[in-house]
Every structure is written in C-alpha cells, then in structure tokens.
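Just the one chain here, the form predicted alone, laid out as structure tokens.
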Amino acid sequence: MKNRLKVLRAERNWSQAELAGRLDVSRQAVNAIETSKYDPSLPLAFKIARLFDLSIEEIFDDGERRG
C-alpha cells in the first residue's frame, strides 16, 4: 500500500526513531511502513492519522479508485 509517511515525517524533521517513539513502535516498523513492506494495523493507521492530523485516506492509498 502506498503512503505519504516518509514525506510527512520529513516535513517535520523527525527521524524514523523519533516517529517510532511517538507511535510506540520500533524504528524498523516505521521503515517497513514507509517502504510499503508492511501495512500497519488499523489501530496503528488511526494513531498515525491522529498524529499528523489527517485522515487515513490522506496518508495511505490502497490503489482502489472510487466512482
């Protein structure tokens, strides 16, 4: 699943470790999500969205088109 996590993190000048600490996950988990090797659980996706004050859809793209 494509996502904007790396861009959003970079805009705030946060390292992967800093973001991981804010989300209570490992740095490796952040890296895996950013590189689309791992899709976050729904609770983690909500936590990410809340942290960046965005909707889940604004961060993650499942590739499905609407309409």
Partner chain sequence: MMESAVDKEANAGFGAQAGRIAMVALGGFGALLGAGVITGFIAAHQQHGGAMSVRDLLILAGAGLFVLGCLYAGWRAGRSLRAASAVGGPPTPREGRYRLVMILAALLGGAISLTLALQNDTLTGNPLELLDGPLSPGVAIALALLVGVLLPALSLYWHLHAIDEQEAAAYNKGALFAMYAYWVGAPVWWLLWRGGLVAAPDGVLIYVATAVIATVIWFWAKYR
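Note that the structure is a prediction, hence the values are computed from the model and not measured. Residue numbers count along the first chain shown, from 1.
Heads up, the form predicted together with the partner chain isn't pictured, but that's what we're talking about next.
The closest non-hydrogen atom of residue 56 lies beyond 4.5 Å of the partner chain in the model of the complex. Interface membership of residue 20, defined by any non-hydrogen atom within 4.5 Å of the partner chain in the model of the complex, is confirmed. Mapping the unseen interface onto this chain, residue 49 falls outside it, with no heavy atom inside 4.5 Å of the partner chain in the model of the complex. In the model of the complex, residue 1 stays away from the partner chain, with no heavy atom inside 4.5 Å.
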